[in-house]
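Before any questions on how it binds or moves, here is one chain, the form predicted alone, in structure tokens.
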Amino acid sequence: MPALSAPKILVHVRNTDATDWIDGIKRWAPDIEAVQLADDRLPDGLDPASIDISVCWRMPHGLHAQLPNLKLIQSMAAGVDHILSDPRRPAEVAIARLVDPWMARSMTHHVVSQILRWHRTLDRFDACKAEESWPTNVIFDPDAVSIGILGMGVLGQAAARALSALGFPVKGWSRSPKSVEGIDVLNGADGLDGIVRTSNAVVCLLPLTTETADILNADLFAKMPSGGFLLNVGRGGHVVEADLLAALESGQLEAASLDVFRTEPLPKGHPFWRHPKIWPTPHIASEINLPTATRAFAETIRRVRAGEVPDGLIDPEKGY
């Protein structure tokens, strides 16, 4: 009987050499053996049965189905839609999202900065500088701002707590009941309706699922108080683009900050680039920090191989 190959992890980052990620994981767990793809295929001479864990970002579809002893597919980010969209994904293999406090802090910084940019009308002062004008009687009323956060996972909860600590009224919404200390969390269709009608700033931190696709649409915008603000840091598929443009043109929405798009990079010539009320950022709201992320991956690998439950396991039926 041939000797069994030593278990290995497969590391893949779409369109990027994964050497730094492999080195980062081995820094925390030097005994781990790791390989990466060669031209989007398994390297020559690799025994597919030796791979027990995949750490990936946008793995080519069908590749995970080639690994008969795969125990876990670990996403390199908080989102797992890039894994669930593979029609040949082995359904019996567990999936985990990245859980890293560094990401929550990064996301919180972005959400807070964009809410304050809107609340403090910083764009207006940029225009004042260009005109060399000095406006008077400028008053900001934080009590006039009501913030609704759609998606109360780790990132949503961190953002909600930070905004609440700044004195803003904050409520959260999730599909199913959830308890978050200090934050009123609504759930279900009625809860979504209630939170949208009372929030003049809506922050989307939802996962992209069949239930949440196109959730930021004309109906939702119409329910918001007039002159509201939209911040989407979830996925581009949450926004119906034509509906957003119409809401901005009518004044129902005052501005929109978008960090994610249906097509990334955002194509040249797209109307979002030119619209004065849209603030685009290049999917940088919650960056992945290699030192802390690779430490989390190393711990996940240890747990899986020890028969323990890793952090961040998702329910494929729910999509998160």
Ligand code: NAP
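Numbers follow the displayed sequence, beginning with 1. Given the structure is predicted, the values throughout are model-derived calculations rather than measurements.
This protein has a second form, the form predicted in complex with the named molecule, left out of what is shown; the following refers to that one.
In the predicted bound form, the named molecule stays beyond 4.5 Å of every heavy atom belonging to residue 228. Using a 4.5 angstroms threshold between heavy atoms, residue 154 counts as touching the named molecule in the predicted bound form.
For the chain shown alone, residue 214 is not a contact residue for the named molecule in the predicted bound form, no non-hydrogen atom being within 4.5 angstroms. At the 4.5 Å threshold, heavy atoms of residue 207 reach the named molecule in the predicted bound form.
Of the candidate stretches 122-130, 244-252, 167-175, 88-96, only 167-175 has residues with heavy atoms within 4.5 Å of the named molecule in the predicted bound form. Contact check at 4.5 Å (heavy atoms) against the named molecule in the predicted bound form: all three of 107, 260 and 286 pass. Though the named molecule is absent from this view, in the predicted bound form it lies within 4.5 Å of a heavy atom of just one residue from 103, 224, 240, 115, which is 103.
Shown here without the named molecule, the chain has 233, 234, 235, 259, 260 in 224-261 lying with a heavy atom within 4.5 Å of that partner in the predicted bound form.
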